[in-house]
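Shown below, as structure tokens, is a lone chain in the form predicted on its own; questions about how it binds or moves come after it.
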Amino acid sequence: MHTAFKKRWLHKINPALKLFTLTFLFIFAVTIHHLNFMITFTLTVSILFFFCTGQPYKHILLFLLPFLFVFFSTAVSMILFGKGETTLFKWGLVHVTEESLYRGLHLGCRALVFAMMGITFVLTTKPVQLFYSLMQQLKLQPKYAYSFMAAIRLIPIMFEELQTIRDAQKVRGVQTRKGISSLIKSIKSLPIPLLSQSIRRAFRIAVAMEAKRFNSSKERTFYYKIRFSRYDLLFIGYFVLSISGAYIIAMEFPLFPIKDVRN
């Protein structure tokens, strides 16, 4: 993603450690059923997302827009049509209860946490460094790591080839008409040339890797050395302290008089 950004401490964290930590937090967020704790936990994740990714705020808001839509759609659906006994508002099929309100807010916060953690990881981690870290720290076999890196590298190339094919069609006089049928017809003409180009490129990459004596041997050197640093301790310490603080605040200063949204 080619956007202007400032390099923050979050970019210097070991990618494998960051992946492992965020995966653990994903699972941890699923186990949270306390609404007040979920809200404060969302705030701890949002601090990293807004202030530590190094992206301009207009880009951050742009990234967040589809996930805000997911937040409102999931929360509102649960609030308006959820089940409960304490009725707050009822009109036709719309039945808002106190229980559905709490569950809707909880579900929306959980969706927002997943989105912000995922975007934070993508914005602060380079794919090449991630796979080098997986090979060096988690002993991922090089044949799998380099296969993933080659696949990621091919994505922008495929978009360029797609644009080249469309330009070639325009040069040959292929006219695109308005309407769904013409759109489907134009899309059907793209996969075969795009697939053939991709096969040729993959074949050339395979030949180049064989020419450079690439093999699956575990004993190999790496151009990039990915190591642990003090920023990794800062990353772990941030979540330990912030989650502990979030839990204490949720218990001592609850916004809503409910402990478990499942009850």
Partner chain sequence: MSKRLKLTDILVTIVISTGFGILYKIWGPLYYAVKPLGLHIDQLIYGMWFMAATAAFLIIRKPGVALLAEVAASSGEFLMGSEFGLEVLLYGIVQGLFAELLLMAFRYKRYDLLAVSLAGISSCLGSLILDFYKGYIGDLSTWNLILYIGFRLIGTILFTGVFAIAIVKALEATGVTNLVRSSSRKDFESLDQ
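Residue numbers count along the first chain shown, from 1. Remember, predicted model here, so these are calculated numbers, not experimental data. The term rigid core refers to the maximal set of C-alpha atoms that superpose within 1.5 Å between the two forms.
Note that the form predicted in complex with the partner chain isn't included here; everything after this is about it.
Proximity to the partner chain in the predicted complex, defined as a heavy atom within 4.5 Å, holds among 195, 47, 233, 62 only for 195.
In the predicted complex, residue 93 approaches the partner chain with a heavy atom inside 4.5 Å. Using a 4.5 Å cutoff between non-hydrogen atoms, residue 139 does not count as a contact of the partner chain in the predicted complex. The partner chain is not drawn, but in the predicted complex it has no heavy atom within 4.5 Å of residue 223. For residue 244, no non-hydrogen atom is located within 4.5 Å of the partner chain in the predicted complex, even though that partner is not displayed.
Contact residues in stretch 143 to 160 (any heavy atom within 4.5 Å of the partner chain, taken in the predicted complex) are 143, 144, 147, 148, 150, 151, 152, 154, 155, 158, 159. In the core-superposed comparison between the shown form and the other one, the C-alpha atom of residue 233 has shifted by less than 2 angstroms.
With the core superposed, residue 199 shows a C-alpha displacement of at least 2 Å between the shown form and the other one. The Cα position of residue 90 differs by 2 Å or more between the shown form and the other one after fitting on the rigid core.
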